[in-house]
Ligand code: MTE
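In structure tokens, the next block holds one chain alone, the form predicted alone.
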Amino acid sequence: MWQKREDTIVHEAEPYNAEPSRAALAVAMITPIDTFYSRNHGSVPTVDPDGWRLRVDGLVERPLQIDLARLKAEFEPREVVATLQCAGARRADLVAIRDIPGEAPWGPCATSTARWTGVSLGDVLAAAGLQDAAEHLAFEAPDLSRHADAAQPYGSSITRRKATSPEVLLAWGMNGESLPAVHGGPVRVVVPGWIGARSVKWVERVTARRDPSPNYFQQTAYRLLPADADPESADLHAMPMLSSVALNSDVLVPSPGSTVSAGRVDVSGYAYAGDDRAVVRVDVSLDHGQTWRQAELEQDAGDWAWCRWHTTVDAEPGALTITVRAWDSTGAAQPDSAAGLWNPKGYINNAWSHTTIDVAAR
């Protein structure tokens, strides 16, 4: 479906929610389009590129209505290599601790990296004359979601400071191709360093506001609740809205449950630090965190992309658990326990990852 690989892990067919296998995600620094994860809250809409228009309104001096040809002609094109990560990535580890009803058990591969082509959202906002009173930029899309309290099109918002940063794009291209419909074509927002939910697909309207978007997916969904909260009765407006991606990492090769031969085993994976933080170190442990060795970091893909890492370990016959943690440029490290991060929506699991494999005697 949607021209994805046959080994894609489909969590839900409608709306389409799927992630690649670990082996597929490990293939390249830039994730191929047929491998890139897909997170949707409603059916993928059909939007005619020739009929697409973007409205820019609200607290602006010069409201705009722009078609795709004008967007490409009047603004300087930009290219940004950026990783997107679902806020529910690695939720499966939280589900293993305690059930999270109604939420897809995303694994570590709800994380992918692409080369995005478009124009700076900040440039478009400058052309519209963003007013001083505008503190948030709200995005609206046509995909109807029935997961909201009352069915409504998807929407979200980001702060003015982030929206006017040069890395935030109105993107029409992905890995040198026109943006596919399943990934938000003809035009989507790309907000590097923030949870994927803020990179709104099929964007049709940008509204400058004093406050965050009133849309369900900004005001109600994507809030971090304490472990003892009831999502049905909690005062969600008192809970923090999710924005920057938390420091995270995982093993891609070998896959959990796989069998390898004793001796030297190659281990590789990714690490990612959201917003403008960088991954500076990745540690690997073979004794559940008692001792650590540093992995080698691969070539940097840019300020807004994940870090790939690899190492080689000596594996003896039997079960072997590989534990990974990352450190970022602020000196922060991943927390050790997923149990301590459990929350009723299963968001932001960035605990140490553990991958157990079988090692066979030669």
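The numbering used is simple: start at 1 and walk along the sequence shown. For clarity, every value in this text was computed on a predicted model and none was experimentally measured.
As for the form predicted together with the named molecule, it is not shown, yet the points below apply to it.
Only one of Trp304, Trp309, Trp327, Phe36 comes within 4.5 Å of the named molecule in the model of the complex through a heavy atom, and that residue is Phe36.
With the partner omitted from this view, the residue of Ala141, Leu130, Val279, Val119 that lies near the named molecule in the model of the complex is Ala141 [heavy atom within 4.5 Å].
Just one listed stretch, out of 75-83, 251-259, 264-272, 200-208, contacts the named molecule in the model of the complex at the 4.5 Å heavy atom level, and that stretch is 200-208. Each of Asn40, Val182 and Tyr222 is positioned with at least one heavy atom within 4.5 Å of the named molecule in the model of the complex. Although the partner is absent here, Arg160 lies well away from the named molecule in the model of the complex, with no heavy atom inside 4.5 Å.
Within 4.5 Å of some heavy atom of the named molecule in the model of the complex lies at least one heavy atom of Arg188.
In the model of the complex, at least one heavy atom of Gly196 sits within 4.5 Å of a heavy atom of the named molecule. Counting a residue when any of its non-hydrogen atoms is within 4.5 Å of the named molecule in the model of the complex, there are no hits in 338-362.
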